[in-house]
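Below you'll find only one chain, the form predicted on its own, shown as structure tokens.
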């Protein structure tokens, strides 16, 4: 670890906020200058910044590094500082990025194409099934899945990704030395064993506090190209992830739910406010994120399709067509066609583009 990274690690260990770090960083051409500048007051820093710098300069950084790295080795943790090559650019672009990420597992996943999938801790049977299907399809398409390792939807995301040998990231709200909830410790270990990653902005020994779960959500949303919300109540913490997603200019996808279900009050309210986020198939997400998936074998796909699906594929052979055009050519009800197209999208046979037009993959 070079001197600049070591200074940032010290800042992180001493709970320096990013806004304070920004002030310090803006005052010096080189961060290492703060260790040698003769008159700190002349650096035009406010009193609190001067005190932080004085404290840093009184520290034996070599001893600090040995102590911290011994602790990291004990828990097999790799600290990734703001200036590390492994620190993801997509995280630097948010308003309050963590100075240090404490990681365990494959740190290269931080730079991979990924999708955040979040939702209620108490999913309905519908929510569970939908989450399982979407997680598997998005993972098969090559996306790394991201969740918070909480009960419910988060747990399903991690489990189902691992089931198909996919890669997943779990973002925690406390130190990596004690997994929360403790019942998911086994799952956390499986994530690492299967090439996944655990990550947090909190050093070892830091227990998760309630407000940290909300702060954690800004990292969950920032690491993904977009966020998929499966089920969420109106006052759910998941709603904060939706807000962070929009603030960070990421894509937001929301699955509609039963209008009488408390677990869908939040998701349905979001769709009511922003109809474009309405999502009923993984292929829509892949299309919006511009993720290219391997085309299925055409003959095999036709064998798997039923008669109506085969006719749809034949109609789209000549090029894309609108929903109404396909409906007229098949002479079937709109509800039946809608069901068939959703199924075909999920299995990668067709894709919906702009203007309600469908085309064959």
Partner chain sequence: MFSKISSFGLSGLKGFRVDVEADTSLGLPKYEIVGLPDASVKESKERVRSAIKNSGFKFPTNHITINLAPASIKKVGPNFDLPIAISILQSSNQITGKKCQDFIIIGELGLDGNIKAVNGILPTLISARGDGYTKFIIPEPNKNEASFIEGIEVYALSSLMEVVGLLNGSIEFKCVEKSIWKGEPSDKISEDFARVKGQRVAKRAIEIAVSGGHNILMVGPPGAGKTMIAKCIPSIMPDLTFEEALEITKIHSIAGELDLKKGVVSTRPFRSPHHTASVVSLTGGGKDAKPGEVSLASNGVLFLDELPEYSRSNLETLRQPLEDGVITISRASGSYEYPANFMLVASMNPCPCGYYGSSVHECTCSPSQIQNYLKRLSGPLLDRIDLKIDVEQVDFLELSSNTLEESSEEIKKRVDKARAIQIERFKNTGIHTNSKMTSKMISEFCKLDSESEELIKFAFEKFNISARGYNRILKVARTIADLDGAENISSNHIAEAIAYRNIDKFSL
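Positions refer to the first chain, counted from 1. Rigid core (definition): largest C-alpha set, two forms, superposition within 1.5 Å. None of these values were measured; they are calculated from a predicted model.
What follows is about the form predicted together with the partner chain, which we do not show.
Residue contact check for residue 183: one or more of its heavy atoms lie within 4.5 Å of the partner chain in the model of the complex. Using a 4.5 Å cutoff between non-hydrogen atoms, residue 4 does not count as a contact of the partner chain in the model of the complex. Among heavy atoms of residue 70, none comes within 4.5 Å of the partner chain in the model of the complex. The partner chain in the model of the complex is approached by residue 343, whose closest heavy atom lies within 4.5 angstroms of it. Think of it this way: in the model of the complex, the partner chain has a heavy atom of just one of 121, 90, 206, 215 within 4.5 Å, and the residue is 121. Listed residues 48, 335, 60, 36 were compared with the partner chain in the model of the complex; 335 is the one with a heavy atom within 4.5 Å. Annotated contact segment (heavy atom within 4.5 Å of the partner chain in the model of the complex): 326-334, selected among 310-318, 61-69, 326-334, 48-56.
Superposed on the core, the two forms differ at residue 330: its CA moves 2 Å or more between this form and the one not shown. Relative to the superposed core, residue 65 undergoes a C-alpha shift smaller than 2 Å between this form and the one not shown. When the rigid core is held fixed, the Cα atom of residue 23 travels less than 2 angstroms between this form and the one not shown.
Compared with the form shown here, the Cα atoms of residue 354 and residue 243 sit 3 Å or more farther apart in the model of the complex. Compared with the form shown here, the Cα atoms of residue 131 and residue 349 move at least 3 Å closer together in the model of the complex.
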